[in-house]
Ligand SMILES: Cc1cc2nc3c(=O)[nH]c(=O)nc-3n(C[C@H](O)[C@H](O)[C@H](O)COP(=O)(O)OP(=O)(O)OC[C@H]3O[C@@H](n4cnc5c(N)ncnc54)[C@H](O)[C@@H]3O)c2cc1C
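Given as structure tokens, the chain that follows is alone and in the form predicted alone.
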């Protein structure tokens, strides 16, 4: 792997940096887990799309700019350097979008991807059910085909972004006699469909970051199926690979947190034991190591390789690193670290607690880390079940 950028890549970085410096909001937007904040984030996404930076690796005809994955990593580094807003449509952009690229028809790509890139349509993820969380093969929600449409029945829970989304993607059991991962179908459902009811779920901070979604004979066209009927598991595993692996959590995210952690430690170094500085250093090194490993993965993909079971290793690494960095920051801050961003006494450091509360979910979403360790043991190390 050649660890230097080409002249074209350096020029792209300069273009991204200049645009973000001119256009990124000067003050943080309200949380996208509120109605007002969701509207602000949609407006930002539309502006990002107008600038040609909504999803740089996508083809131009679908709202991208045809960049390669190395340029996407460069964009992410500049995006986090600018402290630009969180991406409200990350479920669509980073998970469903690449899956549609792989499994969607030309009609589906033309219909969904441009509106996804602009965040005209925001997507919720509908994997989990009350009895099917990490054990996603236990899905009970059904899709019965009637001519040119499916009737959806059942329940999804912990639907990320569900409270303010327009669409939901998820799996439904289309073969009532099937067991486990067989007989599942991947379906795209508008959340304003008659028979669909969305009930927001508050997070630890009280804001509705999730939702329960109930289906009562909700009628969805067959053309909204992604992939073949009964082949939903294969399609979903592709999506899960994007979630655990490269796209959803770029290394720039953790480099940004590591830099903030180093700055926080420097402000308090005289008050802290030497062991704290050593722990901060290990976090910074881990973030850099994850970055180098990601660049290696991108180089392998550019040479025609694929992401396999090692995506589970990625997911374990970044989720536990993220939690470790936030825990360390709260240890450094002491009592002040218990304050939310809205508390005047937080004096600008309340986002550490906000980040910590989100990081707690990291080892759970995208498949619990216990399940990921099983995958690593069986599929990478070759250990018996």
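What you see is a predicted model, and the numbers here were worked out from it, not measured in a lab. Numbering follows the first chain given and starts at 1.
What follows is about the form predicted together with the named molecule, which we do not show.
Relative to the named molecule in the predicted bound form, residues 31, 36 and 359 are all farther than 4.5 Å at every heavy atom. This chain appears without its partner; in the predicted bound form, the one residue of 112, 233, 210, 167 with a heavy atom within 4.5 Å of the named molecule is 210. When you look in the predicted bound form, the only residue of 117, 159, 96, 258 with a non-hydrogen atom within 4.5 Å of the named molecule is 159.
The named molecule is not shown here, and in the predicted bound form it never comes within 4.5 Å of any heavy atom of residue 185. Although the partner is absent from this view, residue 203 contacts the named molecule in the predicted bound form, with a non-hydrogen atom inside 4.5 angstroms.
Proximity of residue 91 to the named molecule in the predicted bound form falls within the 4.5 Å heavy atom cutoff. Although the partner is absent here, residue 297 lies well away from the named molecule in the predicted bound form, with no heavy atom inside 4.5 Å.
Annotated contact segment (heavy atom within 4.5 Å of the named molecule in the predicted bound form): 151-159, selected among 284-292, 68-76, 151-159, 175-183.
For the stretch 94-130, the set of residues having any non-hydrogen atom within 4.5 angstroms of the named molecule in the predicted bound form comprises 125, 126, 127, 128, in sequence order.
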